[in-house]
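Take a look at this single chain in structure tokens; it is the form predicted on its own.
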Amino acid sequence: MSHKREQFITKGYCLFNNIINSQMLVELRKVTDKVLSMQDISHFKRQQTTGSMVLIDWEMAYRYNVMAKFISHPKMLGALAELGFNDPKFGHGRIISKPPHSPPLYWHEDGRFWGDPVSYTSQPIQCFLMVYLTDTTPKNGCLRVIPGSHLKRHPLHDQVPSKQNEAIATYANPEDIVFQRAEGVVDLPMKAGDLVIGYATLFHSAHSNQSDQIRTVLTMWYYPDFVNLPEPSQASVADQERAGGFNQIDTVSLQSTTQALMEPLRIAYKGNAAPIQSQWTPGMGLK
């Protein structure tokens, strides 16, 4: 087992340096700034703790070629391959951009497949791939994680709500436990273009942005081992992505080069297994 794969399985995350070069970072900043400028002011008022939560779906990938190149970037896919995942599938992503002098992101984990027995094993169903478009430090809102919380129960599992609510999103109560320093927390400052891959079930948050500059991250959701998941798990993944409208686009008359980049990453399940009902909180199987 490689060192990075061992770290990924035991800690729940792994870092890769210098994945996205400066030229692509410039292009990505242009696109994300443009997309953010198109959002209504109410979007940002609703998302004070995240800053923004703009969907990156397949339509956006086909509209902006740099986004398709980013999603299918050979070094991103190579990092997944280094962890043992040679045929990953892409679901959707988010542009999460914290403005200057904005509050911290709350503690949460994004597992929605806790009804699936696979979620209690080291085989990941869903992972995040995060790339920050600027250097990050605790001052401007770097990522925080709780190593091992993807496979081991943490006090936060029984203290935080399973989904974001308005009070959390708007930072209505700064004393809420979701904003406090947690046991076992590790800061992950990163350089622009670095990549962090983590289990969706890993507890994470971010510091407040106390700087004078915007801090943007692209959080992309992949299913790294989709082809090796049991059929009910595959059915669940396909059902969830379909229900969210994330994986839907008419491929007729699309740019052939973009289609060639994206289509190998498409989620496709054609079996007869019934999807497992989504569950956002872990059961007692998480010890």
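Sequential numbering from 1, following the sequence displayed. Being a predicted model, the structure only gives us computed values, none of them experimental.
A second form of this protein, the form predicted in complex with a small molecule, is not displayed here; the remarks below concern that form.
K.L.:
Answer yes or no: in the predicted bound form, does the small molecule come within 4.5 Å of a heavy atom in every one of Met130, Gly141 and Arg215?
P.N.:
Checking in the predicted bound form: Met130, Gly141 and Arg215 are all within 4.5 Å of the small molecule.
K.L.:
Would you check, heavy atoms only and a 4.5 Å threshold, whether Ala206 touches the small molecule in the predicted bound form?
P.N.:
Judged by the heavy-atom cut-off of 4.5 Å, Ala206 is in contact with the small molecule in the predicted bound form.
K.L.:
Within a 4.5 Å heavy atom cut-off, is Thr258 in contact with the small molecule in the predicted bound form?
P.N.:
No - in the predicted bound form, heavy atoms of Thr258 and the small molecule never come within 4.5 Å of each other.
K.L.:
Taking the small molecule as it sits in the predicted bound form, is Ile96 in contact with it (heavy atom to heavy atom, 4.5 Å or less)?
P.N.:
It does: once the small molecule is placed as it appears in the predicted bound form, Ile96 has a heavy atom within 4.5 Å of it.
K.L.:
Even though the small molecule is not shown here, does Leu105 get within 4.5 Å of it in the predicted bound form, heavy atoms only?
P.N.:
Flag for Leu105 set to yes.
K.L.:
Find the only residue in Asp110, Glu82, Asp116, Asp194 having a heavy atom within 4.5 Å of the small molecule in the predicted bound form.
P.N.:
Spelling it out, the residue with a heavy atom inside the cut-off is Asp110.
K.L.:
Looking at heavy atoms inside 4.5 Å, which stretch does the small molecule contact in the predicted bound form, given the options 233 to 241, 23 to 31, 56 to 64, 218 to 226?
P.N.:
Within 4.5 Å of the partner lies stretch 218 to 226.
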